[in-house]
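Below you'll find only one chain, the form predicted on its own, shown as structure tokens.
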């Protein structure tokens, strides 16, 4: 295959060693046609990697096979993973009942539950990069590319830099869209004994689901790996205090039959979209580009999309088109990330089985902000219009066949399943 842009993409840097950075380094190694590409993978070894359990979408199964060039079975075993066929919601919505949001085709399509640190290790094995252990102070676009400024060493210039340094320290209105209609901002992560056992020969093939359990102060995810089970209590630190959340977490684990756990971390997070995900020389990816709470596991699939779009555009388009291409790619990515946020925030619009301060805040104060926060005046894109169109489709007595494949970040089938489960329809 001819890659007309590869000649102007000779020096590439990836900054960050987490999931997004590891995916980017492996993707550059696989997609760039020239063996003499200079790829630098830059990270500060003093920054610890929190090895949480994560859920993914079906797109990751195929991508990891392509990046590693080993079978799905071996990949799953290396990740200590299980096969995720959807999300099992417990106590959500107007009826407060249990239902499942399946990947489609139902009971056929699956993603992985995986260990994030093990996936990073696997991807590093297939990345052909020079590793630089250093603290990065700044990444700036300059004429002809981007400059990375380090602490304690000379700056480096690159044709393209993937910035995977994680959440911004604080949201700034001129740089970030505050997704304030998602009502959570903190996660308490615990590691518990495995509930799924390793298979003697080959990967675990039983169907598993991420559990999303409504609780008085938010909700708890349960992600089953073969090495341990990852639990996380997602809540709002401005509505509930940590002591009452921890106490309810203890109560839930006791009810779930879990007698011991390892406290991993308390992680505050912003729900946001960066207004400039890609400027032609710097591509923000992963949690540097956008983040929505982990309810629908949008983090990894968002990073896949960001990396794939930027690399494909840079490799397959002449450099003369860059000034026009970059704003188009950026608008698309901002709209897609915001659309993920609208889909996630909508989950809270019908409440849960709990009539508590958190759920009243989520339903009555946070979600009503979505029309202003996601409106075109604030965001510069029409993500809200696309979301409204999907809701209108769901309210029609009959959906025309021509609309069956409609999407707004996720397909109509996902909107339909959630609408039925939440009691919106």
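These numbers were taken from a predicted model, which means no experiment stands behind them. Positions refer to the first chain, counted from 1.
Same protein, other form: the form predicted together with a small molecule, not shown, and the subject of what follows.
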| query | finding |
| --- | --- |
| Site test, 44, 49 and 189 vs the small molecule in the predicted bound form, non-hydrogen atom cutoff 4.5 Å | yes |
| Listed residue (222, 334, 344, 297) with a non-hydrogen atom within 4.5 angstroms of the small molecule in the predicted bound form | 297 |
| The single option of 181, 89, 348, 291 touching the small molecule in the predicted bound form, heavy atom within 4.5 Å | 291 |
| 4.5 Å heavy atom contact, residue 267 and the small molecule in the predicted bound form | yes |
| Contact flag, residue 12 vs the small molecule in the predicted bound form, heavy atom cut 4.5 Å | no |
| Residue 216, heavy atom within 4.5 angstroms of the small molecule in the predicted bound form | no |
| is_contact(residue 287, the small molecule) in the predicted bound form, heavy atom dist at most 4.5 Å | yes |
| Partner-proximal stretch of 194-202, 68-76, 157-165, 271-279 relative to the small molecule in the predicted bound form, 4.5 angstroms, heavy atom | 157-165 |
